[in-house]
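In structure tokens, one chain follows: the form predicted on its own.
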């Protein structure tokens, strides 16, 4: 029986590792920084170069025109974010660019693959740590070759929760983000954390180091690979309003179980963001 998408999955692992090596080497050299949407939304030449390497490698391996691509840097340059039923790669070449610029040691390559708008596998290579997180639908989640699973904590008071503050620094959004964090800290929880990379945050939930990660304002390329890894590790994904998770909505709660997720959702102050697939 054909093991569907196995070849694509194994190649994605190879490509992610090779991309991570490029990022590590670039981190040893001068880093030239530009901005995208605002002064704190950073991009480097490495982001662009690594995305081109990843997409070029995939096209060469599987044939030009056979697959679709959603890449962070391509979208930032004006390419539409179109999610169809066709085989689609969703790529964040350098998740944690601000970390990369500052030498903060959490930077990840994130590669996901979807067919019929359903995520089939995800690969997250935390390249400074040299940890390869990976999962295929129905095959479990792994860190390197060791299977991982979410924690069994159900008591919110015994949890570590992860969140990020994003790049939109408008007073209204900043106020709601930090109000939410304050309310969660006052539950109380054991701690509130953030690695600076959504892909890594999701992997920390998947391996049981944290009970949940939530954020409003993330993008599909930040979390697509992590979604598969969390699910295959036994976790769940929800919208921040408690509804069904939507990859393009830019709103997400990932958690070890519904008890923890529901408790966090009670405290989240929701604000509006533009969907990734919105018409420009």
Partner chain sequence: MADLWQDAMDHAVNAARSAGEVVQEALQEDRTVMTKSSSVDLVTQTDLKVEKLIIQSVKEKFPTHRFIGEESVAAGEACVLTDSPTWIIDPIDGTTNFVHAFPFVAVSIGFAVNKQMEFGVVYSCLEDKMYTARRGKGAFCNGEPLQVSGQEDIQQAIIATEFGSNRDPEVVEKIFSSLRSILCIPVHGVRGAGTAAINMCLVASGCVEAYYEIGIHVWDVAAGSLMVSEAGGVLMDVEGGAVDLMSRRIVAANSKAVAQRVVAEIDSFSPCRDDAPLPL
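No experiment lies behind these values; they were computed from the predicted model shown. Positions refer to the first chain, counted from 1.
The next section is about a form of this same protein that is not shown, the form predicted together with the partner chain.
- In the model of the complex, every residue of the candidate spot (158, 165 and 181) has a heavy atom lying within 4.5 Å of the partner chain.
- Using a 4.5 angstroms limit between non-hydrogen atoms, residue 192 touches the partner chain in the model of the complex.
- Although the partner is absent from this view, residue 204 contacts the partner chain in the model of the complex, with a non-hydrogen atom inside 4.5 angstroms.
- Residue contact with the partner chain in the model of the complex: residue 80 places no heavy atom within 4.5 Å of it.
- Using a 4.5 angstroms threshold between heavy atoms, residue 84 stays clear of the partner chain in the model of the complex.
- Screening 143, 115, 209, 75 for any heavy atom within 4.5 Å of the partner chain in the model of the complex leaves a single hit, 209.
- Comparing 134-142, 85-93, 100-108, 119-127 against the partner chain in the model of the complex, the single stretch with non-hydrogen atoms within 4.5 angstroms of it is 100-108.
- Shown here without the partner chain, the chain has no residue in 58-82 lying with a heavy atom within 4.5 Å of that partner in the model of the complex.
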